[in-house]
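What follows is a single chain, given as structure tokens, in the form predicted on its own.
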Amino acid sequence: MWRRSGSRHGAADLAAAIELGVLDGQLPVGTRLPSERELAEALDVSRTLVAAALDRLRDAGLVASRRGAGSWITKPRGRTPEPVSPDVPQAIDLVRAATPAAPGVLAAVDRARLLLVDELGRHGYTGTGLPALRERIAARYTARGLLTSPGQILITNGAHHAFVLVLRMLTHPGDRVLVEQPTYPNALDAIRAAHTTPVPVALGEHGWDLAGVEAAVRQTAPRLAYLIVDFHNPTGYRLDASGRAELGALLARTQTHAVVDETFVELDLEGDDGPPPLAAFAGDWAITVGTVSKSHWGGLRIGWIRAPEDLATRLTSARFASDLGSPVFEQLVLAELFDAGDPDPAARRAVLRSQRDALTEALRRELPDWRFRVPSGGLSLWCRLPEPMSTRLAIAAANHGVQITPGSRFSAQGGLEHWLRIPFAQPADRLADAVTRLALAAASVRAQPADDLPVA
């Protein structure tokens, strides 16, 4: 696959393919690589080409070697890896859909520093979380139409940590977990790590196929479902109130617990309050997880679980097997942020809308045969490519200084080669530059000679 770009720079292409495997988690740190001779024979290339590719990876800090011990995947120490190709300018990261810190974070840090004095005389282990923060989160759910008490809130180290806690509590090895197709890649990794099996239900042209969800629930009897109904990652869809009522009734009728990931719920770019949380329709069968990693800052590793009180108590006890609670200072900062509120939500929405619109304009100009729907919230576009080339494009893009995640990472069972997620969480000029580079990479992929294509 790495040679299908038609590039004469085979060493750069091979290095980029290995780098992509590292970025996608297919080659974890510590993975031992075959010898140069074995790689050359397996790939049917010269040892000189393999050696040159490994040299590039060693220079980038992604591979380490020692005489007599071979080579293995490592991570760079003390610096960010440079792009694989030395002719490429600074790489543009289109892997992460995350923004810089929102206005007000630094001021909240200053206020929280004063409050920390009172906490220093205590032991610092908060268990379920600081009462003040749990009260504020409960009040926010109640304001959205879901009556919630502080006893239903458990503070976690982000929404993903919250999902993993629930996954470990409610499933056993061999169980099935229903997921949307596509869905958040790290959730799929967590499901597999728990030795459970993801059961995908495809999102259609207009979002959720609720009849398909019901059929999958009845046919596979999943122990748990993982759903993103607010500005779905990666498609950007949002389930309306009538759809939530139907889905909530299905969960209750079939007694299927669902983890509802609300990571993007506050990123409504049109200023609409939106429908109530799914738990308002599904009752105790919906376990809601949230975070401020997208709405405020990814460096605040604080999230939460909203669940029935008895389940929240059980989750609190179960978490001690893996961690002893969330950091006190970050909880104080978040409580202060919630108290202060967004100083100018309209301005923040306007910035994100302008970035979204800049990305859509650049794509329509540079890549007019790509198709996408403009979402009303979230942080990314889900693009339909003119041919199944997502993985090849990710490899070629690395040589043009753009890091992207192929569509297959969002799939429970592979595929999605016609699809690519592109976040718009960066300034407009940087997004335009990224699209220009993507267009060059796409042209190189599509210009491959006919005899290099696989036989159908």
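Worth saying up front: this structure is predicted, and the values here are computed from it rather than measured. Heads up: residue numbers just count along the shown sequence, starting at 1.
What comes next is about the form predicted together with a small molecule, which is not displayed.
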Since the partner isn't included here, can you check whether the small molecule sits close to all of A17, P34 and S71 in the predicted complex (heavy atom within 4.5 Å for each)? no
Heavy atoms, 4.5 Å, the small molecule in the predicted complex: which of 311-319, 113-121, 289-297, 204-212 makes the cut? Say which one. 289-297
Under a 4.5 Å heavy atom criterion, is I228 part of the interface with the small molecule in the predicted complex? yes
Please tell me whether any heavy atom belonging to F264 falls inside 4.5 Å of a heavy atom of the small molecule, as the geometry stands in the predicted complex. yes
Spell out, yes or no, whether the shortest heavy atom distance between G158 and the small molecule in the predicted complex is within 4.5 Å. yes
Does F281 reach the small molecule in the predicted complex, with heavy atoms at most 4.5 Å apart? no
Answer key: of Y141, F372, Y184, W285, within 4.5 Å of the small molecule in the predicted complex (heavy atoms) is Y184
Counting any non-hydrogen atom inside 4.5 Å, which residue from R349, R301, R168, R223 sits next to the small molecule in the predicted complex? R301
